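Given next, in structure tokens, is a single chain: the form predicted alone.
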């Protein structure tokens, strides 16, 4: 299996972590919800796979381009 890194498209706060390591994820399914400027922006998986690692925690501030999740596809 290959592993992909999913990065944040924005600088903002992690509002909600929806998945845990070991969970299955479908393509375009939200894994983490970011909050920036009072907008909720989902971080989604580009492919079907299994969550390998979540690198952020709720209420954490992260920069644009930061790796948020690793998924085995």
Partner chain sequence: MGGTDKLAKRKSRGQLNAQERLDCLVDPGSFIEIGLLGASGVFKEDEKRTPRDGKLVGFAKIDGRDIALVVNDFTVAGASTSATNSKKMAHARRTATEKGMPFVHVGESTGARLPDAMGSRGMGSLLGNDPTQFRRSRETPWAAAALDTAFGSSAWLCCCSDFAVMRKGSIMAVSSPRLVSMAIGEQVDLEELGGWRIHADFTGLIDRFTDTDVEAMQEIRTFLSYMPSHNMELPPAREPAPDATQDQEAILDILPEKRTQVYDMRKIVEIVVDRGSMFELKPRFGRAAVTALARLGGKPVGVIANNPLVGAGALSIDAVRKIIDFQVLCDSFNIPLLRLIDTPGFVVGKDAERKGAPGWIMNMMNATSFVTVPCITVIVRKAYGRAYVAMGGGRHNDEMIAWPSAEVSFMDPTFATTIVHGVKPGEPGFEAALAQIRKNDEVWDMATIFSVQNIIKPRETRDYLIRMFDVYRSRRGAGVGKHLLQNWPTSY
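Since we're looking at a predicted model, the values are computed, not measured. Residue numbers count along the first chain shown, from 1.
Not on display, but discussed next: the form predicted in complex with the partner chain.
Quiz item: Are any of the heavy atoms in residue 28 no more than 4.5 Å from a heavy atom of the partner chain in the predicted complex?
Solution: It does: once the partner chain is placed as it appears in the predicted complex, residue 28 has a heavy atom within 4.5 Å of it.
Quiz item: Can residue 4 be called a contact residue for the partner chain in the predicted complex at 4.5 Å between heavy atoms?
Solution: Taking the distances in the predicted complex, the answer for residue 4 is yes, it comes within 4.5 Å of the partner chain.
Exercise. May I ask you to check whether residue 14 falls inside a 4.5 Å heavy atom distance of the partner chain in the predicted complex?
Key: So residue 14 does not count as contacting the partner chain.
Quiz item: Would residue 9 sit within 4.5 Å of the partner chain in the predicted complex, counting heavy atoms only?
Solution: Contact check for residue 9: yes, within 4.5 Å of the partner chain in the predicted complex.
Self-check item: Contact residue in the predicted complex, from 23, 53, 59, 64 (heavy atom within 4.5 Å of the partner chain)
Solution: Comparing distances to the partner chain in the predicted complex, the residue within 4.5 Å is 64.
Quiz prompt | in the predicted complex, residues of 30-56 near the partner chain [heavy atom within 4.5 Å] | solution = Going through 30-56 in order - heavy atoms within 4.5 Å of the partner chain in the predicted complex - the hits are 37, 38, 39, 40, 41, 42, 44, 46, 47.
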